[in-house]
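So this first bit is one chain, no partners, the form predicted on its own, shown in structure tokens.
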């Protein structure tokens, strides 16, 4: 970006931090127009993909997704969550809807797709429920624990990092994947190459997320900005309202792959984020059953097939699956 562009961006940052006032600059207005063109272009590409209900460009192809064998003899009477699901005839699973390749909802069809969605589907099969019967429910990061505690969902699969603080509120099966926090910037950005460069920069993440908390705690000179979803953060990045988006590299890979001319990942991951399946705290029977299911699907090849058909489309090959942490009942 040229020096004039940098001056405009610096001026915008001052305005938003109370150090100056004024209307949106021409740079930001042009940025918003550019963002609109990019997002409109993505929508057009998705629409041009084929008949209604077709996956978005570079999205999962249904014919390449694994088919999971339903364990029709499965019983788990010690789990109140499983008994309630059995009585209603289907599972209710919390998920994300705005994370390309991980958890994404087609606004036209309402169909969810992505790696986390496949993990949820293979767990359903192991618990004795046809994956086609799952009722997915979008839950924001800040509301995951509440949704599990209140019984709104049976389990949650959505880039959900296992940590000790959350274990006090919910249970976790897994991990089924290890991600790492990273940074997404515009392709013309040269000043940000890692978290050490974030002083004075506006950095966006999801409210209630581990990545947001880490930025606030470990990089206090960064200006943290929070929204309910990462897609809103990316919109603000494209329209020059923030300088970077931070979350797990799995999520950022999807956004960068969908707009490679506009977005890129800066630097290397600077954390380890073990993804787990959230369950109601105290339902150890369900947690252990999901631990068993994760291990079984890793061994039979479903885990890698699901990755290759979803997150693998970003161009990053599947890593070795992590060891499941079957921690004691609490």
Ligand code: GLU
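Being a predicted model, the structure only gives us computed values, none of them experimental. Residue numbers count along the first chain shown, from 1.
In what follows, reference is made to the form predicted together with the named molecule, a form of this protein that is not presented.
For the marked spot (144, 160 and 251), a heavy atom within 4.5 Å of the named molecule in the predicted complex is present in each of the three residues. Interface residue among 124, 81, 247, 113, judged by heavy atoms within 4.5 Å of the named molecule in the predicted complex: 247. At a distance threshold of 4.5 angstroms between non-hydrogen atoms, residue 166 is in contact with the named molecule in the predicted complex. Not displayed here, the named molecule is kept clear of residue 303 by more than 4.5 Å at the level of heavy atoms in the predicted complex. When contacts are judged by a 4.5 Å heavy atom cut-off, residue 155 does not count as touching the named molecule in the predicted complex. Although the partner is absent here, residue 241 is not a contact residue: none of its heavy atoms lies within 4.5 angstroms of the named molecule in the predicted complex. Screening 209 to 217, 86 to 94, 103 to 111, 231 to 239 for residues having heavy atoms within 4.5 Å of the named molecule in the predicted complex returns a single hit, 209 to 217.
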